[in-house]
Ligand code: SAH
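Quick setup: one chain, the form predicted on its own, written in C-alpha cells, and binding and motion questions come after.
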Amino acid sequence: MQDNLKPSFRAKQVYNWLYKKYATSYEDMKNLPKDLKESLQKDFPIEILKIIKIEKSEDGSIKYLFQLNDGPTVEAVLLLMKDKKKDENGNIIKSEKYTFCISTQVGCKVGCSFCLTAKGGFTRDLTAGEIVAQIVYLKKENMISENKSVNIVYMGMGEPLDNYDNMIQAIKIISQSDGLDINTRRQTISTSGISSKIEKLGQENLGVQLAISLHAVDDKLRSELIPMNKAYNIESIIQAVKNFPIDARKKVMFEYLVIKDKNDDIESANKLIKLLSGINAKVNLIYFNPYDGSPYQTPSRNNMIKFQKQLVDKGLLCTIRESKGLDISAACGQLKEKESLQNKTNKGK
C-alpha cells in the first residue's frame, strides 16, 4: 500500500484502523477521503469473512462460525482461561486471560479418526489475511483493547504446517509491533507431526511455541488415530522436536487425547515417559470430546488422574485440560457440521 498510495502515510493510517481499531470496512476509516476509500475497496478488499453463527458457553468459551467470500465456512474459538479478579472495592486487580484457537484451512487433509473436521474433507488453504482476520474479529467482537495481550493457538480447523507459507506470513503480520503486536512467544503452532515441516519451522527461528498432537505411544495406535503417522512416524517427530529451537524457559507441549480403553492405561503412561526422555516437555492430557457417531468414548476421571500421577511421579510435568464449551459445539468442526446439517434439512423441507 505504501508503494501504491500517495501520500504514502495513508498506508499507516489504514494499518492503524485495521489492527488497532479493528475496522472491518473502509467506511469505518473516518480520516480517509471518500475517493481513496472507493479505490482501496476496489484494490485492497478487507471484507473477507463474516460471522454467521455464534455459540456461547456458560464457562465463557465462545465459538464462531465464519463464512468466507467464496462460500466455505471455518471456525474459531475464544477461550476464557482466567476471569478478571477484583478487590473488595470492586477494582480490577487482574484482567482476563484469553486464548484464541484459530483455523488455518477449510477442512483438513490429515483425516484423524477422532476429529469431526476430517468428516467434511479438505476444501482449500486459508490465505494469510483470512487467518489474521479471525483474530481481528474475535478482538473486535469481545471489545478486547489493542494493548491487551492474548494467546494464539493454531489448532482450529486444518493442519497448520500443511498451509506453511500462509501461516508463516500470518504470524509475521500478527506479531508486527505497529499492528496487532502479539509476540511470537504467545503464538503456538499445534501440529499432527509433519516432521519435515517441523524441521523447516525450526530453521525460521520465529520464536513461536510448539505443540505436538501425539495421542499415542506406539505407531500402531497412532496410525489408527492419525493416518499421516504412516508417513511421519513417532520416531521422526521426536527427532524433529529435539532439533527445534525452544527458549530455555519454555517447554514443548505434547497434547495427549485420552480415549477410554485405547490409551488411558498405566502401561501407556510408562511408555510416554520413556518416549519423552531428554526433551524439555510438558504433557497436556485432554479428555476426548464426544460427538454423535464417534466410535470413541471419554475416559473416566479416575483413569485421567492415575495417568497424570504416574507421569508427575516420574518427574514429567503434566496437566489435565479441563474441557471447555461442552454445552456448545466445542469440538473442532462440530459447529460447522451442525450448521451444514441444518442447512440441508431446511433445503429438504
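In this text the structure is predicted, and so the values were computed from the model without any measurement. One rule holds for the numbers: they count along the sequence shown, beginning at 1.
What comes next is about the form predicted together with the ligand, which does not appear here.
Colleague: Using a 4.5 Å heavy atom cut-off, which of 262 to 270, 158 to 166, 234 to 242, 175 to 183 contacts the ligand in the predicted complex?
Modeller: Contact criterion met by 158 to 166 only.
Colleague: So in the predicted complex, does Ser195 come within 4.5 Å of the ligand, heavy atom to heavy atom?
Modeller: No, Ser195 stays farther than 4.5 Å from the ligand in the predicted complex.
Colleague: Mark Gln310 yes when one of its heavy atoms lies within 4.5 Å of a heavy atom of the ligand in the predicted complex, and no otherwise.
Modeller: The answer is no: Gln310 has no heavy atom within 4.5 Å of the ligand.
Colleague: Taking 4.5 angstroms as the cut-off for heavy atoms, does Gln187 touch the ligand in the predicted complex?
Modeller: Gln187: no contact with the ligand in the predicted complex.
Colleague: Would Asn229 show up as a contact with the ligand in the predicted complex if we use heavy atoms at 4.5 Å?
Modeller: Contact with the ligand, no.
Colleague: Let me know the one among Thr73, Ser213, Thr99, Thr123 whose heavy atoms come within 4.5 Å of the ligand in the predicted complex, would you?
Modeller: Contact residue from the list: Ser213.
Colleague: Which residue, Ile62, Cys318, Ile286, Leu40, has a heavy atom that falls within 4.5 Å of the ligand in the predicted complex?
Modeller: Exactly one residue meets the criterion: Ile286.
Colleague: Within 4.5 Å of the ligand in the predicted complex, which residues of 223 to 248 have a heavy atom? Give them in sequence order, or say none.
Modeller: Heavy-atom contacts to the ligand in the predicted complex: nothing from 223 to 248.
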